[in-house]
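One chain comes next, on its own, written as C-alpha cells: the form predicted alone.
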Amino acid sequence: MGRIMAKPEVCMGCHLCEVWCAVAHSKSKHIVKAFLYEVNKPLPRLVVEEKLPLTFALQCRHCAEPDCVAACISGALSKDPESGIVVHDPNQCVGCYSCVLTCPYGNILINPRQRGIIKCDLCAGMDTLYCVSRCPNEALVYVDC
C-alpha cells in the first residue's frame, strides 16, 4: 500500500494537481472538454492548502486504521484488505458527513452538488496518478509504505 506525499518545499501552489485530479475523474478525461462541455463539471479529490509562503496538496492518506471507516454509519466507506485503499461507495452513502468530521487530516470533502462526499481514490482503474504525474515541480510523490 502506498500513498501520495506532498513536498511543500517545492510546491508553488499552482493548483494543477487539483485541475488534473478533476480531469482524471471527468467523463471525457480531456482537460478542455471536461471543463467546457461536460454538464457535470468534474471536482478534484484533493485541495491545495495555502498558508503563504507554504503551500501543499492535501488528499486522503488511506490510513492504516481509518477513523472515517469506523465513523461511517452506512458502510459506504471501507478499507480494501488487499490494496489498503479506503474506498467510497456513493450508492451507499447517506450524506451524514460523519467521515468528514472524523478525518484527522480534513481530507474528505463535501460534494457541493449532491449529498455525499468525494475523496482521493488513488485514480482507481487508471494507469497513472494524475496529480503526481502532472505536477510540474514534482511536489507530489507516490511512496510505498
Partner chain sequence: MSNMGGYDYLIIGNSAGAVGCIEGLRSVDKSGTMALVSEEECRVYSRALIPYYLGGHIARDRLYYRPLDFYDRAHVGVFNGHRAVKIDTAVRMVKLDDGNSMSYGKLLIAAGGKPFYPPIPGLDKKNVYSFHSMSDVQGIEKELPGVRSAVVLGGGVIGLMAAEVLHGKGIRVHVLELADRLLAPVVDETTSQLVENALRETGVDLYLNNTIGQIHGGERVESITLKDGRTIPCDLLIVGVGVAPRVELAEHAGIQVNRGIVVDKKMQTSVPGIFACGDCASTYNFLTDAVQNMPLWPNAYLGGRVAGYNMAGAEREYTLGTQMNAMHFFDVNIVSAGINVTEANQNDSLDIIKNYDAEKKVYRKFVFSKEGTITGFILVGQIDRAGIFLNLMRRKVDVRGFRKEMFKNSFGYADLPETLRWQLLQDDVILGVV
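Residue numbers count along the first chain shown, from 1. These numbers were taken from a predicted model, which means no experiment stands behind them.
Separately, the form predicted together with the partner chain exists; it is not shown, and the next lines address it.
In the predicted complex, at least one heavy atom of residue 50 sits within 4.5 Å of the partner chain. Among heavy atoms of residue 84, none comes within 4.5 Å of the partner chain in the predicted complex. In the predicted complex, the partner chain lies within 4.5 Å of some heavy atom of residue 115. Using a 4.5 angstroms limit between non-hydrogen atoms, residue 54 touches the partner chain in the predicted complex. Heavy atoms of no residue among 12, 14 and 37 are located within 4.5 Å of the partner chain in the predicted complex.
Counting a residue when any of its non-hydrogen atoms is within 4.5 Å of the partner chain in the predicted complex, the hits in 72-93 run 72, 73, 74, 75, 91, 92, 93.
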